[in-house]
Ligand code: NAD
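Presented below, as structure tokens, is a lone chain in the form predicted alone.
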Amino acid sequence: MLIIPEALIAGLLTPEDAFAAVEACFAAMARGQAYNFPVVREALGEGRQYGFKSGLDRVGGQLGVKAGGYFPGNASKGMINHQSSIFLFDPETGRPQAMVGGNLLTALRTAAASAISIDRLARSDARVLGMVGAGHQAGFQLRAAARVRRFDRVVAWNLHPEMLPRLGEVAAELGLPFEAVTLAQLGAEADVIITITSAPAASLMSAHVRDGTHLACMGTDTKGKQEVEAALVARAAVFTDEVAQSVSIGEAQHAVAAGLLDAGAITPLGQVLIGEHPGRMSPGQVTLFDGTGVALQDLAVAARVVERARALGLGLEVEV
């Protein structure tokens, strides 16, 4: 088994690699060639979450599991709040093949999924990017979005506004003007809105959002979390990585539970990628991607890292 520690990941996977791997994953899922197993997710108290996401890609030959979660006390200890590891197994024999540090991979694959939704669903004339959230993953989201659209500026809101200057620095690196705004101003000006928070209650309301906006809701991955008002989800054409997760642990859980949205109306984004769904139907349509984060995306990016590490002779090989 090859062990690839977190410290090596940055040199083994580029954002472009992550985009390609996640895009291929969406397509494989839509074709029925890959599927995720049920998620195990537990609350540990004091805001801590821990769980397992696993799946099988028959064509890609990837079988594995990501173990990890969210630990909000880590920041005070000099660590990021999201902690995870990815384990890959031989799908024919079940023998372990690799253990891969999953923190950076999670950030890159989450940002790639969001960017793919923007690339396929946002209006072609989208120029203003709105960011709701300014935590560790927000910078990855901003960089990935800027790769698929030529935005003119960024407007942002965060529950803790003192965190916004760090996101502003990322915008400056990209040459984009940055402004901290109210949620009402953000919704009035943004053509694309990314939400990337760990909120237990909605902050972005339907009244905030203009017609024609595309939203990538990337923070809700556990029962009870919520970033946007259920009425906004019900108003939108909803796309997701996996419908089962969207209605159980994703942003759509609240609209479905309230009877405002039927699960059958949610479209896997992979169907857009392989041409089975047209995506956005009109310039005035609100589109929403419910990014719950699926195991197959984690396995896809981890497999690319393992392939590159073996080619370069990196990592630690151990007998198991």
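In this text, all values refer to a predicted model and were calculated from it rather than measured experimentally. Residue numbers run from 1 along the displayed sequence.
Same protein, other form: the form predicted together with nicotinamide-adenine-dinucleotide (NAD), not shown, and the subject of what follows.
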As a check of understanding, the residue in Ala237, Leu183, Ala199, Ala230 with any heavy atom within 4.5 Å of nicotinamide-adenine-dinucleotide (NAD) in the predicted bound form should be identified as Ala199
With the partner omitted here, the residue among Ala188, Ala172, Ala207, Met163 that in the predicted bound form has a heavy atom within 4.5 Å of nicotinamide-adenine-dinucleotide (NAD) is Met163
Give a yes/no on whether Glu242 approaches nicotinamide-adenine-dinucleotide (NAD) to within 4.5 Å in the predicted bound form, heavy atoms considered. no
Hey, in the predicted bound form, does Lys225 get a heavy atom within 4.5 angstroms of nicotinamide-adenine-dinucleotide (NAD)? yes
Hey, in the predicted bound form, is Thr110 touching nicotinamide-adenine-dinucleotide (NAD), heavy atoms inside 4.5 Å? yes
Taking 4.5 angstroms as the cut-off for heavy atoms, does Arg31 touch nicotinamide-adenine-dinucleotide (NAD) in the predicted bound form? no
Please state whether every one of the three residues Asn158, Met218 and Gly291 places a non-hydrogen atom within 4.5 angstroms of nicotinamide-adenine-dinucleotide (NAD) in the predicted bound form. yes
131 to 139, 173 to 181, 147 to 155, 207 to 215: which one contacts nicotinamide-adenine-dinucleotide (NAD) in the predicted bound form at 4.5 Å, heavy atom to heavy atom? 131 to 139
